[in-house]
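For reference, the chain that follows is the form predicted alone, supplied as structure tokens.
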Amino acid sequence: MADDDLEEERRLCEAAHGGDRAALGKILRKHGPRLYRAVLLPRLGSRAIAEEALSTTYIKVVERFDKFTWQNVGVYPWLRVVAMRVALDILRSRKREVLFEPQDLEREIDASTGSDHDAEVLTRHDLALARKRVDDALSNINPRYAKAIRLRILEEQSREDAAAALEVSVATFDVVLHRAMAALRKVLAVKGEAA
């Protein structure tokens, strides 16, 4: 984070500590999309659940911002830990189809407390970790199914392009993708039951 941005964020944090809700709103608007994209969605795996988790994170930040202490890396590392704790609570309440186990997230929270990394470093870390989890899960299903998921879901290719890459019709690709998602859900469910 540039020095000017860091100084502006410090001023916003001071204002928020003084009760300025607009300043806290600016902080959340700035970091909310990153929390959603890099922390919550990869760990929770569902847009709806991640959006709900982001709302819960905002509530917890508002309730607990007085506990935040300024560090020269900005507020994002603290916000990230709050979001990870929200995700942990959700994962503990769910037993099936998860990429991250509660114990994994507990270790991450412990490692992140007092982190002196900036937001970009943490975001890259979170996205790389999520990608590894997805790759690990995909390695446990039929390679053709894994390829279908990578093409359509991860690379966001059109149905037509993904079907062409698999050398099948679009209708056949839809069936392959449906079976691929079922296989992935099964692998995740078995993993969830083993935890």
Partner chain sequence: MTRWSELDDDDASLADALNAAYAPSDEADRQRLDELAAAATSAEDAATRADLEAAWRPGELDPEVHEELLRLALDASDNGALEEALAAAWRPTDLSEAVHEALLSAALDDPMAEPSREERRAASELRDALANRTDHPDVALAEALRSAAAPQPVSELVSARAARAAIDSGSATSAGGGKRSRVVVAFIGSALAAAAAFAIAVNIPRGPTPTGPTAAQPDLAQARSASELFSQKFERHQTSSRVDRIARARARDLRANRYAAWGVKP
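Only a predicted model underlies this, so the values are computations on that prediction, with no experimental measurement involved. Numbering follows the first chain given and starts at 1. Think of the rigid core as the biggest set of C-alphas that the two forms share within 1.5 Å after superposition.
The following text describes the form predicted in complex with its partner chain, which does not appear among the structures shown.
Remark: His178 counts among the residues lining its partner chain in the model of the complex, judged by a heavy atom distance of 4.5 Å or less. Put simply, Ser158 is far from its partner chain in the model of the complex: not one heavy atom of it is within 4.5 Å.
Under a 4.5 angstroms non-hydrogen atom cutoff, its partner chain in the model of the complex lacks Ala162 among its neighbouring residues. Remark: Glu52 counts among the residues lining its partner chain in the model of the complex, judged by a heavy atom distance of 4.5 Å or less. Every residue of the trio Tyr36, Arg47 and Val168 has some heavy atom no more than 4.5 Å from its partner chain in the model of the complex. Counting a residue when any of its non-hydrogen atoms is within 4.5 Å of its partner chain in the model of the complex, the hits in 124-139 run Leu127, Ala130, Arg131, Val134.
For His178, the Cα coordinates differ by 2 angstroms or more between this form and the one not shown after the core has been superposed. Phe65 shows a C-alpha shift below 2 Å between this form and the one not shown [criterion: core-superposed Cα displacement of 2 Å].
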